[in-house]
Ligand code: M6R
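Quick setup: one chain, the form predicted on its own, written in structure tokens, and binding and motion questions come after.
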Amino acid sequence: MCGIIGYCGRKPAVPVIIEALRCLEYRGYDSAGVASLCDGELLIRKDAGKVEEVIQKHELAGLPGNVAIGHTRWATHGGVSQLNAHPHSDCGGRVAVVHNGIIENNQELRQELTARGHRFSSETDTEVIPHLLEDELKNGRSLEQAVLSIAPKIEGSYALLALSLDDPGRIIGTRKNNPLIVGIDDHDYYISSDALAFSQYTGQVMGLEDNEVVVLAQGGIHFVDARGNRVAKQARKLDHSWAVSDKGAYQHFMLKEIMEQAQVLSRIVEQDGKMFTEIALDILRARQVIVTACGTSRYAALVGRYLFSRVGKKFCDVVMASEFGYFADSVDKNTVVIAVSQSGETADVVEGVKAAREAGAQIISIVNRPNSILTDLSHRVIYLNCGSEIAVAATKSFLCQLAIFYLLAFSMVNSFDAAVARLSDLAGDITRVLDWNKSELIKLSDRLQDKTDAYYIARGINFAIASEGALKLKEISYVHAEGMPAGELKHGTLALIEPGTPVVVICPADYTFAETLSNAIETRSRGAYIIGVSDRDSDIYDSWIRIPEVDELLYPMVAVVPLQLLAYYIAISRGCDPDKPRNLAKSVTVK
């Protein structure tokens, strides 16, 4: 995934682009670049490195012009290098393009263009776009007409912006299966993959549908469909409360987002009870219910499946989004599909939802970001209301997803208000678990910083928290970590336990306590270092992470918080940047 931004207006463009790139860096941080049009020149500056490094190295703030585009990259095609950084240009240096997505027929297009005499300087799939545009412009087309002409030739997913010396003063944008949104402020126009990039400048936004094209010019903007026909658009209000991206006094966004979870939980319960009851009835009436998600969101879905079964007596299946297409034959009008995605952009989720909707399924989405592709595809949308989440590793959005599933489960038995009350009380427990364990977690991180393997075990509703705790550790600390049902230890993993191997045991004093503790003893007898996550201490723990006693269905929400903080402190101990883990980006908009 990458971040793209364009600006056309009365102000100097590049300072606007620079500030936007800083906001977008969470979407990609291995390289960055800017292209600006000024006085008959196309100025391109780009390089490998973090946004701030590229800004300083190439003195980007000094670039002139009132029209510019920018890009921050997360590499998919081609290594991390200056040549592979965006923007990309054509043979004559008259066209510049930034792009987010994957061009699946890149090799075929490259071969055709090379045969026609085009010269390529990068390994990226993106570079075929400016060369395709070059040919169209040479044939006398405007940049708008050129983009309309080449779009049908591109297979895959994309959001792209283009500018050209042959059509100065304008930016052309189009998208397919990737987000692109326009911001408007009087005679200043912005376009980006994320409204967060320009939220400080405007509160009015417009979205693009797949295959639509937008033209930004200093005299105004207009939209056309794939055939070039004008399309009328209505501006929507941007929710600025969501678009805050300041980490305040915290060293990292991840730490801020962990520490604000109690406050966030107090906000999330402000949901529409009537809507939840209606959705719950739809779920209960459905012949089959499928939850589709990736990564952290899938672990939230696994807790949700348990809650639906335990509270609502409704079985549902959880299918990872990348595999959902292989089960599509069973989806029909009697199916409810619940899609869970913090960003609402995840490519695998979006593709599966499109197929399910075409088959007649009812789509319910659980998302955090407004104005997303997934929300537009859904019949009903539940928003997390947890504000912008900038760190790549999800924390507060996971807690809010758990809360949404809790509310839905209790809405199935007409107990929405009771569930709201329980979650409201839980905010204090979240604060306590952080206060109780901070010092212990810092000491524990120092002890574990040199470990190369860790195992997280639990049973029942807590199993998904073991998986999520392990995921957090591997994401930001680069430690091999595995989460599993405690009962599966004897089926292979026990062979990997050696003296000193960390085993995190999630065993609150609920119906899983005794059996999970027994499994922990099995690992201790092989020399494991036992870290207990429980409201009850035990002699077998080498280290105890204390959680409060709560209702057994709420233990996942208090257990996951210290595991997030442990992963954070281990990352710091190992010299890693928890906000920007290597090879990962916040939202995966490519398959």
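Residues carry their position along the shown sequence, with the first being 1. These numbers come from a predicted model, not from an experiment.
What comes next is about the form predicted together with this ligand, which does not appear here.
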property: Location of this ligand contact in the predicted complex, chosen stretch of 510-518, 470-478, 167-175, 455-463 [non-hydrogen atom, 4.5 Å]; result: 470-478
property: Contact flag, Leu265 vs this ligand in the predicted complex, heavy atom cut 4.5 Å; result: no
property: Partner proximity in the predicted complex: Gly295 to this ligand, non-hydrogen atom cutoff 4.5 Å; result: yes
property: This ligand contact at Val392 in the predicted complex, heavy atom, 4.5 Å; result: yes
property: Contact label in the predicted complex: Ser341 to this ligand, heavy atom within 4.5 Å; result: yes
property: In the predicted complex, the residue from Ser372, Thr126, Ser193, Thr346 that sits within 4.5 Å of this ligand by heavy atoms; result: Thr346
